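Provided below as structure tokens are two forms of one protein chain, presented individually as structure 1 and structure 2.
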Structure 1
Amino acid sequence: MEEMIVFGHKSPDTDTICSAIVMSDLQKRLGKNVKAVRLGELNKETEFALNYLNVEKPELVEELAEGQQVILVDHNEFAQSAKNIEKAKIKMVVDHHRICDFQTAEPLYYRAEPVGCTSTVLFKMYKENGLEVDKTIAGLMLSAIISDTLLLKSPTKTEEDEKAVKELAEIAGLDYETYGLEMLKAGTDLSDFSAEELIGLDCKECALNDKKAKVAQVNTADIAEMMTRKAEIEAAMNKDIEENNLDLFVFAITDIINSNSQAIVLGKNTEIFEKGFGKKLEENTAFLPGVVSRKKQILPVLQENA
């Protein structure tokens, strides 16, 4: 049986990594030959979760062989996927994002649900297939949902996510609030990352009509401390803009304690951001009270005003 590989998007976050591992487990238990891989380095939040649960990080894959059978989790846009994804055989997609820039030559299993996290969908798939979830797999799905919904405080959270968190926490034997806060705080230690690494930790490329944009996000417990590095962050963003011919780059610094964000915005089309959020940029930055979700609160605004 030919091996399939499963992976999430580039610049992987906790949902991408955990969902890949979980999907591999699910498919193996259904008799498939599937291996989880990753498309980039782990962030500290994800490292905390894997270390806590004693799970090895997936193998790094940077480029796909032609005809490689793959399963995509937590993304569908080719710009966010592996190099040569257009030459691969996509057999399955499980996601919770909009469908964009996606086509295949053959039929496939495609499942996308409007929930806060891919792992919420995967948990339903275990139940639908009559499979019990062990403590480790439950811990991985719990970590993913906590990460994507900021401990159920993000507007992306749904009732299904909240229900899944409580069920998975019981299976995993974890106090989800205590564990979740420790995990999220682990991800806010960004002191040893270069500016180039910071803007690439959780960065997604997107099309705004005919404009090419990137929206990156980091979590912190202290926006002011992160803003002391504003000059070097802007230099890294400008370099990326030039190298990748971007029209807009938004870097959101999100305070996970107080649920706000500070945005650094650069590029030749910053008016898209200003129009959408009704804010005039001052020294390339704007404060966004109550904004914590790229998917629900930033990207839709940019897309509607491009």
Structure 2
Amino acid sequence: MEEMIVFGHKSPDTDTICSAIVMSDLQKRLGKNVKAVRLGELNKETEFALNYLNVEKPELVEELAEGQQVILVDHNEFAQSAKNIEKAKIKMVVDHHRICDFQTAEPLYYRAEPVGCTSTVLFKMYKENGLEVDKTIAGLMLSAIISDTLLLKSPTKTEEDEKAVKELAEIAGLDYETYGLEMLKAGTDLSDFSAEELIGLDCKECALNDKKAKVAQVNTADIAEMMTRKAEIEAAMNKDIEENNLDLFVFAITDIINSNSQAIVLGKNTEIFEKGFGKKLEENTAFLPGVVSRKKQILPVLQENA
């Protein structure tokens, strides 16, 4: 049987890595020959989860061979996928994002649901196939959902995610609040990164009408500590604005403990941000109480006020 490889998006996060490993387990148990791989280096949060659960990290893949059979998890847009994805045979997709910049030549298995995390969908698929989930696989799915929903505090969280977290914690034998906080905190150790790296760790470019914007986000347990690096972060943002002709750059430092964000905002169109959030920037920054989700709480506000 021809081997399929399964992977998540570039700049992998915990959902992408864990869901790739989980999907390979699920498909193997359904009789397929599937191997999990990754498209980039792990972040510290994911490293923490794999170490804790004693799971090896998947092999790194740089680009795909023509005709390689692949399964995508946690993404579908070709721009976020492996090099040469357009030459591969996409057999399956399991995801929780919109569909965009994606097409296939053949019918395929495609499963997406508007929930907080890919692993929430995978957990349903185990159940639908009448398969029990073992302790380690449960731990991986739990880690993915905790990561994507910031321990169920993000507005992207649905009832299904919450239910899955509780069932999976039971199977994994973990107190999900204690484990989850430890895992999220592990991901907030950003001391190794230069300011240039920090603003690129999780950065999305988006068009706001005719304006070009970037919105980057980092998670932290201590906004004040991150703000001690404000000057060098601003310098890196201004360099990016010049080099890429950006009209707006929003860098959100998100406090995962208290569910707030501090934004550093630069560019010649900062009025979009000020209007959207009803805040005057002071020294290029503003505090956004209750804001944790770029997808649900930052991007739509900018889009509506551009």
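For residue numbers, the reference is structure 1: its sequence is counted from 1. In this text, the rigid core denotes the largest set of C-alpha atoms whose superposition between the two forms falls within 1.5 Å. Not measured: the values here are computed from a predicted model.
In this pair, the copy labelled structure 1 belongs to the form predicted on its own. Once both forms are overlaid on the rigid core, the distance between the two CA positions of F48 between structures 1 and 2 is under 2 angstroms. After superposition on the rigid core, displacement of the C-alpha of E205 between structures 1 and 2 amounts to 2 Å or more. The chain behaves as two rigid units between structures 1 and 2, and the smaller unit swings by 16° against the larger after C-alpha superposition.
Taking the core as reference, the Cα of N284 moves 6.1 angstrom between structures 1 and 2.
Comparing between structures 1 and 2 on a rigid core frame, one finds that K268 has its C-alpha moved by 8.0 Å.
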